[in-house]
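Before any questions on how it binds or moves, here is one chain, the form predicted alone, in structure tokens.
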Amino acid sequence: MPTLYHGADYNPDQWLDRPDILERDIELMQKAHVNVVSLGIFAWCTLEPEEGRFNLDWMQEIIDRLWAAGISIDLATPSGARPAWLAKKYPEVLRVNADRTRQLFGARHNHCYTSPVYRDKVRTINQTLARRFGRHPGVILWHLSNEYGGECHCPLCQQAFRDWLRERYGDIAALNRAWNTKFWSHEFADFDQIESPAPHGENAMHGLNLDWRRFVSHQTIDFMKWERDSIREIVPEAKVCANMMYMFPGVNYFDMARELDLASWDSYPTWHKPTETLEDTALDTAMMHDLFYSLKGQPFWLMESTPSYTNWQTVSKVKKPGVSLFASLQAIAHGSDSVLYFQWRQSRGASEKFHGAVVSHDGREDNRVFQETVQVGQALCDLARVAGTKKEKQAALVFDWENRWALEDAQGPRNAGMGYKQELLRHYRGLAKNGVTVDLVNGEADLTGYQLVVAPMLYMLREDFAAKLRAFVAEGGTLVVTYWSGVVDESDLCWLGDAPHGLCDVLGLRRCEIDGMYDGETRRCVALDPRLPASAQGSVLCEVAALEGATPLMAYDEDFFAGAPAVAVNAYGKGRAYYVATRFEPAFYAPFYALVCEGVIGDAQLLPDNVLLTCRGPFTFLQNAGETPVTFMGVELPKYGTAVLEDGKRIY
């Protein structure tokens, strides 16, 4: 992509009876420096109002007019919401819930990914679009469906699940071993006896639950590939993306991204919550940007955001003046080559009629939201040469979808929420507050090139990844491992022997026991190293470990835990490994990572409160997430301000 892109979801099919509005849209897009729109995402009923009767002339006119105005098109396949005629004639396309009831027509993504009928109808509409528009010079990207997700338990999916299990395990005896089915006398004699998890059936067999989640992810991606390939049959050179979502549990995005040319995601932070600062929200969002960059190790697209507010969050707060620009430039800093919004013009009715948009119901351009959108567009023009630049490898934070699935289904030692995401964010925040560039990787990652690997709550530790971590440290890398790691294998079967499995000698210790903590319950820890906070509170889970060569850096200071290591470090080969035995309060992690990064990541530095520093190629982005101006690195940053340096010289 040659430049930074600025635009929005555009739904002219909602306004075909208002040519004056369509004419005005082009004028306003040019004023806002819009150079791309996502088109046709939910337009199936307009594109094919009856089975086999296609109405594409309106889209041809829109694409031609946009392209003539200098606006490119990210053309969508409309599979995210099927028309009523399709559901009425072919009820098998509608999903079946876990309780085995079939859904009625309505909502979005209410379709079976396995259904041959649905796949055939999707292929037909996709190829019809590809033949008409696939080689239009304005169509630069294909947008596959919208926010893939959900699951179906229909007979077609049950059979597909059994076939998937046969391919995975080969024979039923291997499955029984992997699922430990002798517990509660659940052993299977044949694959045909297996059903997906159900509220009125089996839902506590962890191997079944884990494999069902793997299957749902696989089937979702298989359907996406079906869409992609249907387009490429007509336009082999077509480039494709699919918009993903914040911490979405239903699909393994590392697997999905391999099948795409471009990763993209929809970002809707809850700015201005009373329970967190703007810096907190920004760091949470930054971790997600870094995840989507990391999926392919290359720039991604911010496919949806809002210039003002949502309408589906518990409370839909409007962004304060300056926050839209702050958030947009933060996305660019972390590797996005675009800032797009949902949507261009507010809908008049239905569920998102009050969702913020660039153009509101009044249609005016002299309001704050539109003027701030113009400001974002101008900033992207000014920073166009940032496009395509990559980030330096420094630290890898392990975030594994399958580990998350297993961890959250484990039934102990806490069932009130293990907080995997919260644990990740604490470590991410500690790294970010030292100016460290972070990639998020999974258990299949190549760790070559990283100086630091952080593995929080790596409950599911595969043998091959344990070997990678061992080799990484032996060859001079620095590793951080936390409590509740190395517990189970890829089938969610507990490892036997000392724990964390495969890492005891690397960490120089072994886990003896672990205590689940009630909400609000803490255990005091004290520093044995002056570079760490003098004291800190442990919570959520507290491990007791026996040292076998490691040096304690903090120790528990109360209860029967007193004297046990809360933080320890061990030399192994040419590198070193740190162990963190509990979840500390957020303020602990920045000084902890200042210690960890010392001598490991040369340009790491503890940043002032509210200052964010992100590097992308030769560009350094400095941002102020605070309410008062600050000066850092000789640069003055106003409230919510951003400065961009290129090779040390300010360019924005």
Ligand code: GAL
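Quick note: we count residues from 1 along the sequence shown, nothing fancier. The model shown is predicted, which means the values in this text are computed figures rather than measured ones.
Same protein, other form: the form predicted together with the ligand, not shown, and the subject of what follows.
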All of Arg108, Phe342 and Glu352 within 4.5 Å of the ligand in the predicted bound form, heavy atom check: yes
Please pick out the stretch from 261 to 269, 432 to 440, 294 to 302, 540 to 548 that is in contact with the ligand in the predicted bound form, where contact means heavy atoms within 4.5 Å. 261 to 269
Give a yes or no for Asp255: in the predicted bound form, does one of its heavy atoms lie within 4.5 Å of a heavy atom belonging to the ligand? no
Indicate whether the ligand has at least one heavy atom within 4.5 Å of a heavy atom of Asn146 in the predicted bound form. yes
Is the gap between Phe183 and the ligand in the predicted bound form 4.5 Å or less for some heavy atom pair? no
Classify Trp312 as contacting or not contacting the ligand in the predicted bound form by the rule of any non-hydrogen atom within 4.5 angstroms, answering yes or no. yes
Asn403, Thr77, Ser196, Asn243 - the one with a heavy atom within 4.5 Å of the ligand in the predicted bound form: Asn243
In sequence order, the residues of 31 to 60 that place a heavy atom within 4.5 Å of the ligand in the predicted bound form are Phe42
